[in-house]
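Given next, in structure tokens, is a single chain: the form predicted alone.
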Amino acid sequence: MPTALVTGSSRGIGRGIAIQLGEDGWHVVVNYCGNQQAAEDTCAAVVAAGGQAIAVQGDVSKAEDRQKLLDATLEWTGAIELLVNNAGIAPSVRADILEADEDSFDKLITVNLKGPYFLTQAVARQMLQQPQRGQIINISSLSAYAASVNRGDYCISKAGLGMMTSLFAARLADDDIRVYEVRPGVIATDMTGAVKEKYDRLIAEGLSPIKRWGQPEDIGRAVRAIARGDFPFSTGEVINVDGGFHMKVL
């Protein structure tokens, strides 16, 4: 079976993606930054679902760790058919854009945008050397277009992922490598746990036509559908998994 590298997959959305790929029998590289036990738990869940998995530590913001992730993947199976750029961080402090500081901005942009950009570059180069090329999926956010003035750095990073998707899709189309963006809405993870009451209220008031929290497996199912190769005449496509939040409804 083919091999997928899913960054930031020890928990949350990444874990949901890894498990869904496991259900289709994928070999999944479960990338984590700090919590090895969580990564091992995800590996066990992938195996239980029907796939194979290994845990590989690495911080996508660091060039040497990006190379480590790719090397570990190739050492395991010899090829990589799917890259899912999921790893990301929230602002350390939600600060008004008139008060936000550069250190927080630099850290977030390096993890959320620079890291995926150069990991994609490295993986694409590898895919070009393989008989079986592959696909690349970027996990962004409704924050790519919905402005939150107390976390401008996060919004900018996700908007940047949108353009990154278009750039790599255009560059790699002739080489039979497809690139997609999956754009989650409000998803129940530890990242959104701190604002649960706020979003409980907003969802109940009609934040999105589908009035419930999204779950990590909702994103996983979208990734799984793309990974099967069911969209061969699409690239650079944005798939919203947001309960309909993106629609303008009167």
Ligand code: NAP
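Keep in mind that what you see is a predicted model, and the values were worked out from it rather than measured. We number the residues from 1 along the sequence you see.
Below, we refer to the form predicted together with the named molecule, which is not included among the displayed structures.
J.: Counting any non-hydrogen atom inside 4.5 Å, which residue from L70, C43, V60, A222 sits next to the named molecule in the model of the complex?
T.: The residue in contact is V60.
J.: State yes or no: in the model of the complex, is some non-hydrogen atom of G34 no more than 4.5 angstroms from a non-hydrogen atom of the named molecule?
T.: The answer is yes: G34 has a heavy atom within 4.5 Å of the named molecule.
J.: Is G88 one of the residues lying within 4.5 Å of the named molecule in the model of the complex, judged by heavy atom distances?
T.: Yes, G88 is a contact residue.
J.: How about K158: is it within 4.5 Å of the named molecule in the model of the complex, going by heavy atoms?
T.: Result yes; K158 sits at the interface with the named molecule in the model of the complex.
J.: Heavy atom to heavy atom, is M191 within 4.5 Å of the named molecule in the model of the complex?
T.: So M191 counts as contacting the named molecule.
J.: Within 97-114, which residues have a heavy atom closer than or equal to 4.5 Å from the named molecule in the model of the complex?
T.: Heavy-atom contacts to the named molecule in the model of the complex: only V111.
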